[in-house]
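Shown next as structure tokens: one chain only, the form predicted on its own.
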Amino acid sequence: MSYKTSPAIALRGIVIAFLIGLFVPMAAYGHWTLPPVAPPAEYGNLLINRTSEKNGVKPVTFSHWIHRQEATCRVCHFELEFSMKVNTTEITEKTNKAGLHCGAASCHDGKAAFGHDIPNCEKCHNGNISYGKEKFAEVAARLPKSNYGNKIDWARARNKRLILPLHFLTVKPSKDVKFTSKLKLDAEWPNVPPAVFPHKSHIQWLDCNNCHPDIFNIKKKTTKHFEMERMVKGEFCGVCHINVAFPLQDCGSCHPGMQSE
């Protein structure tokens, strides 16, 4: 025995299916909000204040766009042992003067860059998140453009040798890492293309230890918990891609084929 569906019922079914396809992705997006993005000259700038105000001085301003011209992320976050999260590394004037942290050789040792003497104190201890922004326009003008973050394409700048950041200070790798594997991370939302993670572009700036095992535990061999909700809170890719590397608003750089915000 067979039944025929009337045109009205068929049309209603199509409309319902369309609405489900429209609102299910919206519901999936609805429980998180992308964090605001700072102006280009301030994007990546940090105020380091773990102990400064406790000791009667202003917080330290640190600008990633200034320093990434001179050194890759690996130098500071591996060799100099700065945590990837601000205000979690115990930095003191004593450690700096002992040649650690910012005071390391080839950094702020008074030779390669200004040192830790009284005339230079306010260059760091100024409490001003936009300190040095007057120099930004000159830097941005000579480097490749991007639509997000600093509005500078730092990867292209390095590949074109427009900047030549040091990749090591004292711990020289025995040989360059040639790991070029790409990971495909399927999205759990309808109509959202997979994310693609290229190791090649990341190891140009980072050491394997920067990500593994603390941020990404490769022993688990799963990506199901790499949720966007957790990334916007600063976990996983969000450790970098909120305040330093291009922001999460640049959807298409991770999800090829997806329009950015």
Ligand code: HEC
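Quick caveat, the model's predicted, so the values are computed rather than measured. Numbers for residues come from their place in the sequence shown, where the first is 1.
Missing here is the form predicted together with the named molecule; even so, the following discussion is about that form.
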- Only hit among 163, 139, 155, 169 for heavy atom within 4.5 Å of the named molecule in the predicted complex is 155
- Item | Touches the named molecule in the predicted complex: residue 117 (any heavy atom, 4.5 Å) | yes
- Message: Residue-level question: is residue 198 within 4.5 Å of the named molecule in the predicted complex, judged on heavy atoms?
- Response: yes
- Evaluate residue 42 for contact with the named molecule in the predicted complex, applying a 4.5 angstroms cut-off between non-hydrogen atoms, and reply yes or no. no
- Query: Any chance residue 185 has a heavy atom within 4.5 Å of the named molecule in the predicted complex?
  - Reply: yes
- Task: State yes only if every one of 52, 206 and 229 has a non-hydrogen atom within 4.5 Å of the named molecule in the predicted complex; otherwise state no.
- Result: yes
- Query: What residues in 79-97 sit within 4.5 Å of the named molecule in the predicted complex, counting heavy atoms only?
  - Reply: 82, 83, 84, 85, 86, 87, 88, 89, 91, 92, 93, 94, 96
